[in-house]
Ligand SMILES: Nc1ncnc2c1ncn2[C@@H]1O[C@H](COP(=O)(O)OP(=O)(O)OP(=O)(O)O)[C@@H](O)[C@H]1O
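Given as structure tokens, the chain that follows is alone and in the form predicted alone.
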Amino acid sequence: MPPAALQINDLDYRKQSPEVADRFRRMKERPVVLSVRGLEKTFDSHEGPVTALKGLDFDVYRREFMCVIGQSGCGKSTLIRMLAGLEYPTEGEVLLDGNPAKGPCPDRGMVFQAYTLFPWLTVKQNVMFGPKMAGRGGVELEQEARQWIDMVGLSKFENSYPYQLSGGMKQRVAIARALANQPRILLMDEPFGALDAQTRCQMQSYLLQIWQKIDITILFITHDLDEAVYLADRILVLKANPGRIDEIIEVPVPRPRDMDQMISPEFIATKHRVNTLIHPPTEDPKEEKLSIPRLTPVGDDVD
């Protein structure tokens, strides 16, 4: 076995520094914002009922940053749509501050992967849309909208339209628009999945800065292991078929976070653990290999 593999296997993702352990202790002393109890979702199909999620139970604490990760098809997006009230569970319930949460409401903000801004509205008008629908208006609302726009670093673009913005800028506007309703929890469904690598890293940094400054709890769906470890206090790992909780991991990487920590022992150990859960090693190496016929001339092998 190569030395690098030995080093990774010797790392313990559960080992926390005293500072990190104290942070988790204080986090668990805060009120629970979101509770999921016995949550299940079954869809009808031509072949009969298909269970997408089964028996989910977990809590999210106030000002916690939780990431949800799992294989494709494990029900991540179905879960967040139920938490947002866009889908109804077959069984179980979602509680917000201890009260049943049914249907969409301003207390749960949502940011999607696709750019969902209204193309006929400016940046400022998009951010003001939710509060306006709630009956607010006037100069005070404009001032609040500008504060959110300033917070996401787009004060020079408040009168621009979505088609004039880059992908990262559009998602910053989407975050500001969701936060303008002052939700208790921000739900994010792979919001940076369509961005290039550099913009994605920048958006992760922006999001952490925003989260540190305001009273918001974040539940963030991702398929990216580095993103989950970099952002999260805890990572909820889902198994597939049906989707169910495999493990909830406390990330031992200290805060505040920066990109240099991606090569730290704590980061590598946590990423290795998440990867092992999502892609468990098989006893038969042949199962991991695709059955592909040779389509190149003999003697033209590559490693």
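So that there is no doubt, residue numbering starts at 1 and follows the sequence shown. Only a predicted model underlies this, so the values are computations on that prediction, with no experimental measurement involved.
Beyond what is shown, the protein has a form predicted together with the named molecule; the following relates to that form.
- Though the partner is left out of this view, residue 262 does not reach within 4.5 Å of the named molecule in the model of the complex, counting heavy atoms only.
- Residue 72 belongs to the set of residues with a heavy atom inside 4.5 Å of the named molecule in the model of the complex.
- Although the partner is absent here, residue 77 is a contact residue: one of its heavy atoms lies within 4.5 angstroms of the named molecule in the model of the complex.
- The shortest heavy atom separation between residue 107 and the named molecule in the model of the complex exceeds 4.5 Å.
- Contact with the named molecule in the model of the complex, defined as any heavy atom within 4.5 Å, is confined among 24 to 32, 272 to 280, 49 to 57, 246 to 254 to 49 to 57.
- For the three residues 97, 129 and 177, a heavy atom within 4.5 Å of the named molecule turns up in the model of the complex in no case.
- Of the candidates 200, 223, 124, 184, 223 is the one whose heavy atoms come within 4.5 Å of the named molecule in the model of the complex; the others do not.
- Only one of 158, 144, 227, 190 lies close to the named molecule in the model of the complex, with a heavy atom inside 4.5 Å, and it is 190.
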